[in-house]
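This document starts with one chain, in the form predicted alone, laid out as structure tokens.
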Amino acid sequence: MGVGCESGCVVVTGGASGIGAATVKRIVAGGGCAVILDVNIAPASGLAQQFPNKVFPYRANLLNEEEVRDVHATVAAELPPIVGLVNCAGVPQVPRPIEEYAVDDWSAVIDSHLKTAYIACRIIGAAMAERGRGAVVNLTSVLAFRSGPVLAYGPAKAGVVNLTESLAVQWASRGLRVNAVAPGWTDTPFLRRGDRHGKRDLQPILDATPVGRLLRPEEIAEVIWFLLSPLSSAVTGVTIPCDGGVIAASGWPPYGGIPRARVPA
């Protein structure tokens, strides 16, 4: 069930690592083929070697509209039609107060998440809408709904939520669904390099997550696959939190914190 090579391909931006790479593997496991658009071509090529004739890597600067348009034209000429787009590209932000965070640094993070999604939707999403078939899944974050000290990453992800809803309405009558997933703390290189000192104390993250662990990229990929598949044919304009209960637990700290299972004596 879902999209297969005989019917079309799914483009995954930022598909070389983390949640993007897990999504590529899930697409292949579901019988589909995946096109990776990423500047980091070495690991993307590694995935292609793992899954010959199922994964197709293309180097693309996702902030360059003409470059994305050229790669899309190449993919359209060489491979089956594109029937899915997953926007996973983006860079992390080191938490800093606004007084220490330059405008250029802020813009770079905003662009890496929001502008890349916009460009991919403008080119690849619009082409699917023109054909009257497909699904777009955008990667946002729980920080789109709850503030944190990442003053570019959070606003960028909130923008992705709004973009998702707007495009879902624009394209609904043309057979294209647009949804998003909002991961919580997921065990990826993106998370582990997020500290300015190169190391990260994970205990505060575990304390804030009701399930008490980091999420796995494969868990997020399963929800993305659901949103790509016909199983979600009635779903559009929705953002699904995949956060281990982080959003639900935000009101618990004043009442003694998140309940934890007692360890038997």
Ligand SMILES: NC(=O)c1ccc[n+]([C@@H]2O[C@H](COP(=O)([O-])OP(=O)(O)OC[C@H]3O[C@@H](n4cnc5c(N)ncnc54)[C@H](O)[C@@H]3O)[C@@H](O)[C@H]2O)c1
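Predicted model only: the values in this text are computed from it and were never measured. A residue's number is simply how far along the shown sequence it sits, counting from 1.
We do not show the form predicted in complex with the named molecule, though everything after this point is about it.
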#### Entry: Heavy atom distance at most 4.5 Å to the named molecule in the predicted bound form, all of A16, N40 and L62
yes
#### Entry: Which of 72 to 80, 99 to 107, 168 to 176, 136 to 144 lines the interface with the named molecule in the predicted bound form (heavy atom within 4.5 Å)
136 to 144
## Note on the structure
None of L163, L151, L191, A129 but one has a heavy atom within 4.5 Å of the named molecule in the predicted bound form; the exception is L191
### Message
Just to be sure I understand the contacts: of V94, A158, V91, I123, which is the one whose heavy atoms reach within 4.5 angstroms of the named molecule in the predicted bound form?
### Response
V91
### Message
Given that the named molecule is not shown alongside this chain, does G84 nevertheless sit within 4.5 Å of it in the predicted bound form, heavy atom to heavy atom?
### Response
no
### Task
Give a yes or no for Y118: in the predicted bound form, does one of its heavy atoms lie within 4.5 Å of a heavy atom belonging to the named molecule?
no
